[in-house]
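Next up: a single chain in structure tokens, the form predicted alone.
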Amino acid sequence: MALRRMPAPIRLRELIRTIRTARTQAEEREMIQKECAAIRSSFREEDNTYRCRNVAKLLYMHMLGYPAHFGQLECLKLIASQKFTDKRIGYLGAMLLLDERQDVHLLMTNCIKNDLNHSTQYVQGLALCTLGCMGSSEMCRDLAGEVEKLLKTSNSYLRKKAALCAVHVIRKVPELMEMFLPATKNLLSEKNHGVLHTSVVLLTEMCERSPDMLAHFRKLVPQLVRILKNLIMSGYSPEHDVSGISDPFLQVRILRLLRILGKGDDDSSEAMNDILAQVATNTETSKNVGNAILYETVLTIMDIKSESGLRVLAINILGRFLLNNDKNIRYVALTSLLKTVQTDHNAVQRHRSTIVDCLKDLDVSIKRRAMELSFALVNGNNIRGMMKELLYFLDSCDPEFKADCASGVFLAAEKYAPSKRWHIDTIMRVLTTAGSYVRDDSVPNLIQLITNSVEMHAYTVQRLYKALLDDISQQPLVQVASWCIGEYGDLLVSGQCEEEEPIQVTEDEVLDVLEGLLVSNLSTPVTRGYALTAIMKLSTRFTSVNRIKKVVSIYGSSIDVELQQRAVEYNALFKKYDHMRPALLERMPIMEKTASNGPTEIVQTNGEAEPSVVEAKHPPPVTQPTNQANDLLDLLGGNDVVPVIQTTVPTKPASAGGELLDLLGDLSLSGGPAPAPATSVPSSQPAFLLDGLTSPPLFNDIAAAGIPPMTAYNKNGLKIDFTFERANPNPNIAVITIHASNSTEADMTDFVFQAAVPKTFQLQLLSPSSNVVPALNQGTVTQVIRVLNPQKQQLRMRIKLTYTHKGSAVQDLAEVNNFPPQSWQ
């Protein structure tokens, strides 16, 4: 019976043509599956005649994204064949279908070894390419000797491939580096550019991986300089010419190696100074090829210990790049200038106008880099001109830039402001332009600036009042204006402004504006709090006290709990404590920045340390709903958990006495105990919870107990550290201060820290210093926890963290059980 032979498979070209006729994805899949089935049948038949053709078709299907793993062994069979055409497809298939994760690749180690010793250079080249592409560490160890032997051959075709293969071997098995050291001696004396190029790549890899090799190859600097000089000075060579430049690829590689060799070494840097100057001045800039060489030259000049004149030349090259029409070149120039601005500030300053022009670029990446570089260039000499340009940019830029730009303007103005009036004008311009985008701490910082600028009070309050009449949508602006009107409303009405023409304003007009803020839909709860406090302050500065009483009493029944609490407390001031109202609502003293670890700060007044709440230093507290705290009730399991009592002391941005809860608690009238505010803490809670409200400020009665700090949480860039202190009269109370820091590149906003403890403890959380954890560890958020532990039991705590990072809400739970014994014993 005659054997039935399979028909000859179609050629690769026909398969490609057939697949391209497919109208739909399903039709293409059907064609591929049909052809794969035929290829599998051919493989099973051990058809040597068409194996090469079938593997080639399989590789094409692999490139289209279809599975082709069943052809791996067939590739090995082709590699073992004696025909060059079979070996070529076999090695190509091995490079595409195999890697070191599959054990199959070890089977071809012997074939590669044989082919490395083959008499035909092209077969040897195939083996070198495959080993350099997908050789595993085991294969590299076995075959490194063969590669090193080919690296010493006189055949330039094999030497260049062997050099690249040696790079792969060194990456896989760094300890084999010394094996190739003798072979590198004569590589740079080769005339063939391909060998030179791959040799420089090999030397670069060895220098980057080993300090010893770096020191050894520094003696090659004169030889590299000579090769580079020959490339620059050589005439037209059609074999290596690219856009009129002789072998730019080799030039770039040599410059990169010179950068590594010259870094931190005076002698090597001195030897390459002249050639770098020649490259920088003789390279044609009309084509992109020349720009690539110039960019590498600039990077090399900046990294080595080059002469000052050479560095200026490099920065001037980057300045010319800024005028290029290609966006990529402009972006590269801005990024490079940003890296060098700290070391060569004056040289970069010469290109300031060009950099500022880049702020008007349509490309957002270029605009961002130009903005960052512009802020880096600001100093005391150019602050006025640069701020003018940056404020114009702030007016017209996209919303994504406004927050960063506003922060940059604030920092630059604080550092280099030529006068307080200019400083105040600049920050008010930012608030009116991009008020909704500024950081949370900008409001208290501006309030502090205004408070400390005594001679500018009348001018500031008049400017802010005008701004308020024009626009009440920018909440930070409205908050600062409300605070200033509450503090300096008498100056506004009296028209005492000397800086500009005073405006005529009546008391009723001022109160109309503030009452409008209370009822406006644009006002946030925090802004309404500022407005109500401002109205209350005006009761000691204006004569319209009855109108103010009526407004305050109306908000005693507000649905906003914090506003209601403020109104109730202010009503108490009008009734029971009216004789103390003028003293409590007097103007804020000058505020000094002092280090603080908790809710109060020590302010130096008249040379004496006097406890005072510096509310303008902190953003308004984060008001947490009750159910948010009670969410933690089941964190420790069972029913032995006490709820967190969040004593969020409302920040009143205008009261001289600050927190009225503190003030009313501190007052002892008629020798009796001070009344506690009705809305503060339920009476069922232990008495110590009222300590923060009825005692002097917290840190007056705290003594350091020598308790070591601890890290309670460290995840996703957020780190929470605990420091411990003991409260003086009651040793059963541990005072824990949390310090939240953020090592990521973006701020963490809406930060809320919550905690729960077993019911044998009592826990009280005070207000946090902020609800924004600044990026790159540029600041910390602090919050104080007071824990009553009468039974001296080991402290356990569950914490809940919620915040927003890069637009995404994050929530995490953690258990803290490793408190130091000194904190609870």
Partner chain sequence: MFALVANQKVVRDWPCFGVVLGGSFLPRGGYTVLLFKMQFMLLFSRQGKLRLQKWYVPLSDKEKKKITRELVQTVLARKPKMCSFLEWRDLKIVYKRYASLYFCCAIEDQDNELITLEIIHRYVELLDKYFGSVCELDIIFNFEKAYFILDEFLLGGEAQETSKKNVLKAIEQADLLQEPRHEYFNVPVY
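Rigid core: the largest C-alpha set superposing within 1.5 Å between the two forms. These figures come from a predicted structure and were not determined experimentally. Numbering follows the first chain given and starts at 1.
The form predicted in complex with the partner chain is left out here; the points below concern that form.
Each of R11, R209 and A292 comes within 4.5 Å of the partner chain in the model of the complex, counting any heavy atom. From the list 449 to 457, 557 to 565, 161 to 169, 732 to 740, the contact stretch for the partner chain in the model of the complex under a 4.5 Å heavy atom rule is 161 to 169.
Checked against the partner chain in the model of the complex, the candidates V781, I32, I39, L765 yield a single residue with a heavy atom inside 4.5 Å, and that residue is L765. For the options Q791, Q794, N777, N48, the one in contact with the partner chain in the model of the complex, meaning a heavy atom within 4.5 Å, is Q794. Although the partner is absent from this view, K327 contacts the partner chain in the model of the complex, with a non-hydrogen atom inside 4.5 angstroms. The partner chain is not shown here, but in the model of the complex it comes within 4.5 Å of a heavy atom of R101. Using a 4.5 angstroms limit between non-hydrogen atoms, K388 is distant from the partner chain in the model of the complex. Under a 4.5 angstroms non-hydrogen atom cutoff, the partner chain in the model of the complex lacks R226 among its neighbouring residues.
Shown without its partner, the chain has D247, P248, F249, V252, R253, R256, R259, I260 in segment 244 to 267 as residues with a non-hydrogen atom within 4.5 angstroms of the partner chain in the model of the complex. Annotation: Cα of R226 displaced by less than 2 Å between the shown form and the other one, core superposition. Core-superposed comparison between the shown form and the other one: the CA of E815 exceeds or equals a 2 Å shift. Superposition of the core reveals a Cα shift of 2 Å or more for V752 between the shown form and the other one.
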